[in-house]
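Same chain, two forms, each on its own as structure tokens: structure 1, then structure 2.
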Structure 1
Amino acid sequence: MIQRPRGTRDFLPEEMERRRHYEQILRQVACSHGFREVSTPIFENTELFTAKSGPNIVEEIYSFEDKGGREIALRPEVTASVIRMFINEMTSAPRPLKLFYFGQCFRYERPQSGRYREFYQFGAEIIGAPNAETDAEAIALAAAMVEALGLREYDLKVGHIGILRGQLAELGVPADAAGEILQKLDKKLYDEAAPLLRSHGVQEDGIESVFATTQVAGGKELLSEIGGEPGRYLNELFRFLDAYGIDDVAIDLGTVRGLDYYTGVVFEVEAPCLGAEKQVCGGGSYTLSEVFGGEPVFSTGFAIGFDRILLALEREEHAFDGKKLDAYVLPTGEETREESFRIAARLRREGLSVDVDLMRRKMSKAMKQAAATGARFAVIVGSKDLAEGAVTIRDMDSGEQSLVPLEGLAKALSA
């Protein structure tokens, strides 16, 4: 038996219905905030990702040479593709550009709970002005999405990566070396970050100062303690978040987002029910356009790990009731089979969800199948009733039956 590849999943009808339900919620929230959907190729030139993350990223992604000798990679995330699309096709479009997307991504990593080699991202990007309003709009959308999905327990943390970048620069760490250190600090790997800092001549008191910064966390009262341009920006940002009604926000200067292209505000949403691997959303402001050959442009955005947030909803035991069929049409015999299909077609044209017996079952087994599909009503098509221009409908919950004229059938089922 041929098995599916490791790190991938099959989604059966019930699970697909659940996933589409929550996906549609995210789409509706994005549209309500003035964002418009885009789609990019599922594979790109490998250079798009190595230019952003360095050649070592090849070890973590699915990359290959195609039949034309071109280096191609399955996308490990979508932000780079969106910025590439912006440079190729949208630089003259009015700004801000508010874009959202949903799609599959691929990373070659060890599969574990909530983490797969093929996974799904729902994300949004704003390409516009470098101001606090833009970052506030991105954070507001992320918070609205998490709320709309119904997650009960979550933490929203905001930081400013410029604080640590500035601190490292003052300590003499070259800008091109800061990225690796920030990656270690993002994961609180202090034992691995310390030797890197020492290799650039940072003394022990400087190392302790950097580590202390990553541990600064609390409420909005910390805003008065953060100086310089990052402090001014965060104060302005929080005023806009207050205006949006988003007040349950923590300040965490240890929110680093360990990627080189983040430049200012960074934020994360965590679901405590997931344990150690609790991040379900992350983002911030960044610069990527010039890396790909475009003009510098301010961008901010985020991605929601769709699989992880669905796992969080499952851990919180959210109930999901799939949409039921409106009706299941059953002929009582061969003499009414063709008319049953005409009735099913007519009801479908009326906008009802309808199934019809295809297996030529006897009535008792066909009724069991109708119950198994979860249909609200069974429409029983008998020759005697048809002669009177009617059919019998049965409420599958109560078992009650009634004779209904064909002309009023759709209305009766809808009611």
Structure 2
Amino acid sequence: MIQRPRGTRDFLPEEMERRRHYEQILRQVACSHGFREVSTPIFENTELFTAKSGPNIVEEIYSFEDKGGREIALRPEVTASVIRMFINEMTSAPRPLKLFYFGQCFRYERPQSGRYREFYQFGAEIIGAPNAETDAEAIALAAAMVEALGLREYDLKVGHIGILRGQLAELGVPADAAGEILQKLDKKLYDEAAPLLRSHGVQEDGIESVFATTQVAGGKELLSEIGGEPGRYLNELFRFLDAYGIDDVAIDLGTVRGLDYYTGVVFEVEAPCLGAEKQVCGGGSYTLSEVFGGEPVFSTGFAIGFDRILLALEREEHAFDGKKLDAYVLPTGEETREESFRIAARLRREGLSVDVDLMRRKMSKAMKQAAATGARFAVIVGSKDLAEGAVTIRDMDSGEQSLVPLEGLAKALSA
């Protein structure tokens, strides 16, 4: 037997119905916010992902040389592709561009709960508007999506990476050294961050003030305490969020995020029920386009970990009922088999979901099968009824039966 590769999954019909259901909710919410769907290649030139993210990222990318000697990588995320697409063919599109995508990504990592090597991300990007309105819109969409999915327990945290970046720059830490320090700070590894800061000549009081910043976390009352340009920006952002009706937002200046292309506002959504892998959504603002050779364009985006958020919904035990068949058509015997196909075909053309016996089953077994498919009605095709131009339909829940002329069958079944 051939096994599935590690970290991948097969989705059976029941689960696929559930996934499509939630996927549609996300699409609908994105569209309702004026975003339009795009799709980019699942593989790209490896360079696209290494340009800004750095070499340690490469180890977790599925990359290979194709038959033409090109360095190709399965996408580990979609933001880079969307920005590439923007630079390649959308630079003169009216701004802001509001785009969303849904698709799988690949990372060579150790699989664990809520973490796979092939996983699905739903994300959105707003390109071209350098202001707090844009960040507010992105956060509003993320919040609306989580709400629409019905997740009950989640935390939305907003921070501003410009504050720590600015502080480090003021203390004389070179920009290219900031990334490593920020990573340590994100995880609150102060013991590891301190020596790095000292090595760049930062004094103890400077270190203290940086650490203090990472611990600024709480409610909106903190807004007044955050100074400088980022402080004004955050105040503006929160006013817009308030106007959007999003008030349950925490402030956490220690939120750094792993990628160093983020420059301004950063935000995350966590589902506490997920334990170690609880982050279900992450994003922020960045200026990625010039890294790929375009003009500097301000963008804000986020990605939802689709598998993870579905796992969270599962933990919260959200009920989901798949769609049922409208009817199951079964012949009473061999002599009406062909007629039952004619009837099924006709009902299908009329837009109903219809299944029909393919197993040459005896009627009682076929009825059992009809029950197993969950069809609302069984359409019993017998020669006696047919002689009157009719069939018997049976409501599978109540067991009630009635003789229905073929002409009115579709109507009777959709009632």
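The shown structure was predicted, so the numbers you read here are calculated from the model rather than taken from an experiment. In this text, the rigid core denotes the largest set of C-alpha atoms whose superposition between the two forms falls within 1.5 Å. Numbering runs along the sequence of structure 1, starting at 1.
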{"item": "Form predicted on its own - which displayed structure it is", "value": "1"}
{"item": "Threshold 2 Å Cα movement between the two structures for residue 224, core superposed", "value": "no"}
{"item": "Rigid core superposition, residue 207 Cα moves 2 angstroms or more between the two structures", "value": "yes"}
